[in-house]
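Take a look at this single chain in structure tokens; it is the form predicted alone.
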Amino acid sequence: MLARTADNLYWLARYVERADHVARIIEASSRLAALPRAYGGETNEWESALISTGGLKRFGAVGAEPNESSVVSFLVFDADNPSSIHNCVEAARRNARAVRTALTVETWEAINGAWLELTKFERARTAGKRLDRDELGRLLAIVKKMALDVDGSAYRMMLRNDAFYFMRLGHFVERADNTARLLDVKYHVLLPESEAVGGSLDYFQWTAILRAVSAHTAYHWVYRQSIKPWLVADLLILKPDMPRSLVSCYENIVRWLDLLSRLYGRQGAAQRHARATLSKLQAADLRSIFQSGLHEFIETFIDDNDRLGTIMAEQYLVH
């Protein structure tokens, strides 16, 4: 496969997953913003939404107050924000169009259909129509459905070849990054200093985070007790049965990289780095993670994950 084609497929999947992540972060932040102030006073959920999507510095350059209206506009429509839903869906569509013959009809239609729906919202907004919460909910549902349709059509219909493998790799590299950043933001940004860990506000915040990654039901199935921060961390870092956990993401990354190596007849630095990262995750336990510092653990993981992306680009995507 041409490196350019592999790059298009890889980034197509990353942008679809990123758009889904941003949509879920906005939903979670909206739920937290709607909590009665009696649960803990002022919170900074909209600032945390910017941090978890990597947009705080760029948003700060705009000079706007981080409230619901300004942050939603920045995260959904802003053409100058590389991680806005607008830019992610547009980039996914651009990459998909470049490799349409490698995709199923259903995959292309899912991405193109979401783009067309998004442009309708943008035209209405340009015409002065206000995006209320109901309309925002509908837009976010369209984005999440796109991600599900792309994922489902790939699993159900794509030939298991290198095109499929590169899409899977993009999907899981992006998902691992998103899960890690979401956990880090919750522990270090979201909870106000005046609020105790384990308090009512903390409980509702963790519930919103679990719902954001579709893990609320899974949590209760696994632990069968009330929500506790360290158990949420355990679920989203160490549980291989949880699809969004860091371990699960890297099990999949190693799997698809190994299949690529068999197809091409050789292994390289990407396979070695992915296995090393997975080994570190599998060797970790919750006590040691918290003793050494969750923030430090996640920072190291994000660096390792970014490094994998660079190595994969050098090995497969850039020639």
Partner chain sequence: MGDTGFFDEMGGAATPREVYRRLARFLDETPPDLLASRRAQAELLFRRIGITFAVYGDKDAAERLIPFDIIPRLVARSEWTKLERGLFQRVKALNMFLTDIYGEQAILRAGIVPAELVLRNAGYRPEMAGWRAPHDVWVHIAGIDVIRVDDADFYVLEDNARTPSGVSYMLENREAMIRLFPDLFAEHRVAPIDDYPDRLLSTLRSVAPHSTSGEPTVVVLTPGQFNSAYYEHSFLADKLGVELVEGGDLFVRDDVVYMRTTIGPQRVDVIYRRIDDEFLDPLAFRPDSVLGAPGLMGACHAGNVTLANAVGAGVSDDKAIYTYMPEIIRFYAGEEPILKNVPTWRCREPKALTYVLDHLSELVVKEVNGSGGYGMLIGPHASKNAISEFRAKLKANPANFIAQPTLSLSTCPTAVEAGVAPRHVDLRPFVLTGANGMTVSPGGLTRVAMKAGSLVVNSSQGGGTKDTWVIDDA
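Values in this document were obtained by computation on a predicted structure and should not be read as measured data. Numbering follows the first chain given and starts at 1.
The next section is about a form of this same protein that is not shown, the form predicted in complex with its partner chain.
K.L.:
Taking a heavy atom within 4.5 Å as contact, would all three of 210, 223 and 282 count as contacting its partner chain in the model of the complex?
P.N.:
No.
K.L.:
With a cut-off of 4.5 Å between heavy atoms, is residue 172 one of the residues that contacts its partner chain in the model of the complex?
P.N.:
Flag for residue 172 set to no.
K.L.:
My question is simply whether residue 100 lines the interface with its partner chain in the model of the complex - judged by any non-hydrogen atom within 4.5 Å.
P.N.:
Yes, residue 100 is a contact residue.
K.L.:
Although the partner isn't part of this model, could you tell me whether residue 105 comes within 4.5 Å of its partner chain in the model of the complex, counting any heavy atom of the residue?
P.N.:
Because a heavy atom of residue 105 falls inside 4.5 Å of its partner chain in the model of the complex, the answer is yes.
K.L.:
Would you please decide whether residue 266 lies within 4.5 angstroms of its partner chain in the model of the complex, comparing each non-hydrogen atom pair?
P.N.:
Yes, contact at 4.5 Å.
K.L.:
Quick one: which of 173 to 181, 158 to 166, 224 to 232, 131 to 139 gets within 4.5 Å of its partner chain in the model of the complex, going by heavy atoms?
P.N.:
Looking at the partner contacts, the answer comes out as 158 to 166.
K.L.:
Exactly one residue in 244, 93, 239, 86 has a non-hydrogen atom within 4.5 Å of its partner chain in the model of the complex; which is it?
P.N.:
Answer to the contact question: 93.
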